[in-house]
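One chain is shown next in structure tokens, namely the form predicted alone.
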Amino acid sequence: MPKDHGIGASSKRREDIRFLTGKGRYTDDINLPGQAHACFVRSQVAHGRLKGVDISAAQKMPGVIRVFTAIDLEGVGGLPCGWQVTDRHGNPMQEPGHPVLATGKVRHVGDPIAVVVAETPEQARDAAEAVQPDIEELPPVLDLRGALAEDAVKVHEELSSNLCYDWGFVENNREDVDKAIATAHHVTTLDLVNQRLIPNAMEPRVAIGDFNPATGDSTLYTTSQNPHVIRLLMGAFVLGIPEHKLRVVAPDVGGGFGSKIFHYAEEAFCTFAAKALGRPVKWTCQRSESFMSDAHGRDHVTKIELALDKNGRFLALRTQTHANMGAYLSTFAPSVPTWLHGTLMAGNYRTPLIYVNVKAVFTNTVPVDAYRGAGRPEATFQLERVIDKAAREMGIDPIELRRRNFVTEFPYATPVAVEYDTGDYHATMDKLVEIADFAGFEARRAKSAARGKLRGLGVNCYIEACGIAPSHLVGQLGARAGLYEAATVRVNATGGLVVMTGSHSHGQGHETSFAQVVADMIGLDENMVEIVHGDTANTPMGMGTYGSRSLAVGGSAIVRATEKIIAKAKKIAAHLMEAAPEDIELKNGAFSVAGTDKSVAWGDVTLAAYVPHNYPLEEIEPGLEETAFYDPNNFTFPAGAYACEVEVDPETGKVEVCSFVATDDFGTIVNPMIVDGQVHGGIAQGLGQALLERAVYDEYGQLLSGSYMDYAMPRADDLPSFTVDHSCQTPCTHNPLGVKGCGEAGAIGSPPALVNAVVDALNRGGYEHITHIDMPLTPSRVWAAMR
């Protein structure tokens, strides 16, 4: 029977009450007394020398308070990069400056040049149009391989080239991999593109800076996935504000998908300008502005080679990738195509030799950083596409080829430096075959053929590294911050609990699932637990939410803090019942002495904690509040198997997704309904990439897909109802909840499943020459491939 409360129950999301009734408090809902409004003047050319900025006309316009250029930001540092990558020769990456406002050069369309601050948003926008930048245009650097030519124009003239780093992993494997590929029975080679994507959260970014001259305190209200990280980066490296004098608040945030992890120029400017002007300064991003100001995702060009023996056993894997960094290094950009990508190239399989080479390149485009999945979708797409191609070339069923190479014994140390602690890839595949009804596929294909449609079936397996940490490991890999999480649990005298977490919720349902964990541990109603997050003034230092780490890392910190609460409460209960603490049991919200009928309710113990009339004070302090920091020992490794069935119209090339089945192993499931929703959203996002989405620049560096008129987002009628299953559970062995993470799985596993299905449909329909089509698989691309 399904549980009706606690861990494993599909408790309704408590936060949805305010979201669905319009009672949420988003950043743009915040308006401070006396606030001014900012509008950024952005470069309209991709690359050029900034010879000057004429602000004279703008300064005279109605309502204008001040126009800022780079010269006005004296003492303001550049935006920092949070991850340093060392190349395969042992050299640190090239790391150019990233000014808040452009100085000397503009490097992409959208690069901020000046800011108008006025009394109203309309006045600020009007005046911004009167600002006249003097830009000497330069040839834009756009082609990833061409950017590395000796005579290529440099994006940053102070650097030796446009190469950020040339990374090799594992470098010691390189010669052995080359030899294995040269002597293998069969080698499958595939060239592919993981196209640039533009994140589109429901809520565009907003920043409001405020300064209190009486205390010298600065406050930033922002749409962020990790307010503590923004406080650290902005305070220490950009504005020079001590952390105790800087508060960062991220209230209700309408989606992030990675794009709201990073520290952006607008946040630093609004915080700076509020102090400079002596009044709050607010900036609200327009949707078209976000297309050229928010970090983009993906943008990899890859050649992958898979060597197999005569029985289809994997021998070696070699990849060469050019990864676009854009014009500057965004906060975590260097880690995405390296440590979040190369370490996952083993996938679910026993491949003894792997070598991954990544050349990160600067171009005159919007910076690229982590986007839902961050490196793992790129790795999975390469691997699962080349496996499908190899199966077809060798005449082996694609499921059978995968099964022959599955990892089956755990823990398993991969040749790319990670250790999978637990999993069962055969179980998820077995469940997939059952639910997706593979046996009935031929009958469904015959019905499609009768209607003139080509039907195909694609499968995919994925594994991802989540719960990003541990600090000691990521520190060795170049992270410039620890990746622990923290929680403070405060118990009130009447028994209710307030849990303050360093994690941040922007759609994941933390206020519900975190409460379920605490309530389950104590045996209380979930409504007695309040979750507080998003404000550095009243939450412990935490690294925020991304990489499917909230429950695995943030939830584990909550468990550890709650364990401390329970341990102290047992001492109080023992004192009340004149028993030894080790004899006290807690069950269903009551303490009892083992083997007796003595008991005391949770509320009686919590009241006694704050009314310590007869405490032995040398043994028990008054109060009931505890803090815990949790730094995991390893990543978590969710895994699964996906199946996609499509119909292709041979007359038009249009692809219709007929069915999609996902079987995932997420370890322990805290709230099945929330997990279903996370997987649904991830699949929709992944199919959006596979079918529709693509950021396009022209030869001048102009972003052609600069609005929803030009950038296609998936709609409900583009997708079928999904069938998801997470009954295959192998709990994580190294966190107290046994959880693995579910937020990115759908976006990782769905693109290759769909592409595999389309190629399968075309091959079955007589188009055997088609071995690959790059995403997005628009009708025109599919039609052209068929012709």
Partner chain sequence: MTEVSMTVNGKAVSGQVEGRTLLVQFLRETLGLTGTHVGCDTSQCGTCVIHVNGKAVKSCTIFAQEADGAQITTIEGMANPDGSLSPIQKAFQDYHGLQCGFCTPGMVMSAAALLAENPTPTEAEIRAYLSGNLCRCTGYHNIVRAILAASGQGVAAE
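Remember, predicted model here, so these are calculated numbers, not experimental data. Numbering follows the first chain given and starts at 1.
Beyond what is shown, the protein has a form predicted together with its partner chain; the following relates to that form.
Using a 4.5 angstroms heavy atom cutoff to its partner chain in the predicted complex, all of Lys12, Asp29 and Glu122 count as contacting. Under a 4.5 angstroms non-hydrogen atom cutoff, its partner chain in the predicted complex has Asp717 among its neighbouring residues. Using a 4.5 angstroms threshold between heavy atoms, Asp774 stays clear of its partner chain in the predicted complex.
Among heavy atoms of Arg451, none comes within 4.5 Å of its partner chain in the predicted complex. With a 4.5 Å cutoff on heavy atoms, Ile198 counts as touching its partner chain in the predicted complex. Note that among 326 to 334, 227 to 235, 621 to 629, 255 to 263, the stretch whose heavy atoms approach its partner chain to within 4.5 Å in the predicted complex is 255 to 263. With the partner omitted here, the residue from Glu511, Asp520, Glu203, Asp87 that has a non-hydrogen atom within 4.5 angstroms of its partner chain in the predicted complex is Glu203. Only one of the listed residues (Pro415, Gly168, Pro251, Gly507) places a non-hydrogen atom within 4.5 angstroms of its partner chain in the predicted complex, and that residue is Gly507. Residues from 677 to 694 that approach its partner chain in the predicted complex with a non-hydrogen atom closer than or equal to 4.5 Å are Gly677, Gln678, His680, Gly681, Ala684, Gln685, Glu693, in the order they occur in the chain.
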